[in-house]
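We begin with a single chain expressed as structure tokens, specifically the form predicted alone.
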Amino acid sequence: MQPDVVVMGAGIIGAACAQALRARGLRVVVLDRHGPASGTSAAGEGNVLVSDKEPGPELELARASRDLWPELAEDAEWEEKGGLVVATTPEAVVPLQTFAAKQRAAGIDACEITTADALTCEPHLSPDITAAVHYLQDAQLNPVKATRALLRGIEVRRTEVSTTDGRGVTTPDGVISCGAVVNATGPWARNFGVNVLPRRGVVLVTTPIPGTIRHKVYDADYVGAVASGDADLQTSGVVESTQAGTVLIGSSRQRKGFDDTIESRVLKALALKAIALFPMLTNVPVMRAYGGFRPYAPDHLPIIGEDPRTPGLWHATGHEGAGVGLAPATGRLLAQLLTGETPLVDPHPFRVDRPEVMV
């Protein structure tokens, strides 16, 4: 039977789109050359964040997703752990407090706390921090398990797509005809007509130290790194634990195409910044490091909607490092637009015909 929709890409964004379309009664087939959560989604930390986003369209999408995730994240290690953003220099205090005030005005629960309270929240945190903001809404999940949960009951085929005209896709086995096609191929989305570039990131993983780090903790300069368009290497201290007790250490950003080399200078920079936040990590062994490619859009907004140049071709990509956090609302928004429902957020900022993302 011919599918109503073919979703290209079985990462967390493609899975969320497929889930939302199927929930509206459409027959969906998902195609991926390597299988579910085999690319960017497997290389993430599983963050569901509101703390790192300026008031505006992306924050509204994040809030909508945060509301949707708890019921969708069954068996995905969902944890409402909260986030702690800290200033590590006197100069960083006012920018952090100003950013938090803007977020509170937009409805985010951003609580300024004393450094003493921050050390109560995280006893192993460096006593040299100069300010802290506690974000109760930040959460974490296992992105691979979440992707598979969203795809439960949906047909997934391992194959590669070479072309699409919006009414079908060409694979090595022939053409699959359909009513619509969704491009959810993440950093590879440029192959299907939108200006998305790969942005490299690397994560360190320590041996388990259960219960030592309780929140997602990051240096306030992380927000600037996320918003930057610089192609050169940028690093910021980001530390959090998993339910297994391992500690994930980031964050790096670098645009260098699809070069997947793990560079020692990146690992060293991440380790030093993590130790600056948590000095006790000095003596904790690192088990491994892994990397991935974030789908970077030049104007820093996801691309969600139908391509005006190719009727039937829809895009859901360009989320950079926020794909896990934005996935449920992205899937629902795309499904609502495709089926003519009232959208849960204003879709205009995410439209495909933005000058920065058309190629």
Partner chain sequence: MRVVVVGAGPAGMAAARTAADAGAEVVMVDSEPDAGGQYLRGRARFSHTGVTHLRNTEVWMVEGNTLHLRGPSDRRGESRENEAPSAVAAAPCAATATPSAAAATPSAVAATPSAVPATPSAVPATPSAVTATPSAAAATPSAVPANPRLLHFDALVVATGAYDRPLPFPGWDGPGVITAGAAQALAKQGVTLAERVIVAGTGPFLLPVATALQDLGATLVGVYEASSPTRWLREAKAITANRHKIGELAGYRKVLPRLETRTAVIAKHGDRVTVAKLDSQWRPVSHRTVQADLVCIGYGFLPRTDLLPDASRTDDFYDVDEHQRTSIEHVYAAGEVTGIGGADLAEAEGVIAGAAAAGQEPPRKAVEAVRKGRLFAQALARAHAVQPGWRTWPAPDTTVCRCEKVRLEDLADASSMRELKLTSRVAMGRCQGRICARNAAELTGVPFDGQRRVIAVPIPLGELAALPEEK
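Residue numbers count along the first chain shown, from 1. Model, not experiment: these values are computed from the prediction.
Omitted from view is the form predicted in complex with the partner chain, to which the following refers.
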- Item | in the predicted complex, segment of 276 to 284, 83 to 91, 103 to 111, 160 to 168 with a heavy atom within 4.5 Å of the partner chain | 276 to 284
- Message: Suppose contact means a heavy atom within 4.5 Å; in the predicted complex, does that hold for all of Leu119, Ala131 and Leu136 with the partner chain?
- Response: no
- Heavy atom to heavy atom, is Leu72 within 4.5 Å of the partner chain in the predicted complex? no
- Message: Would you classify Arg214 as touching the partner chain in the predicted complex, given a 4.5 Å non-hydrogen atom cut-off?
- Response: no
- Lys145: touches the partner chain in the predicted complex, heavy atom cutoff 4.5 angstroms: yes
- Taking heavy atoms and a 4.5 Å cut-off, does Gly39 contact the partner chain in the predicted complex? yes
- Item | Single option in Asn191, Ser177, Thr207, Thr115 placed near the partner chain in the predicted complex, where near means a heavy atom within 4.5 Å | Thr207
- the partner chain isn't shown here, but in the predicted complex which of Gly312, Pro55, Pro298, Gly291 has a heavy atom within 4.5 Å of it? Gly291
- Are there residues in 244 to 259 with a heavy atom within 4.5 Å of the partner chain in the predicted complex, and which are they, in order? Ala244, Thr246, Ile249
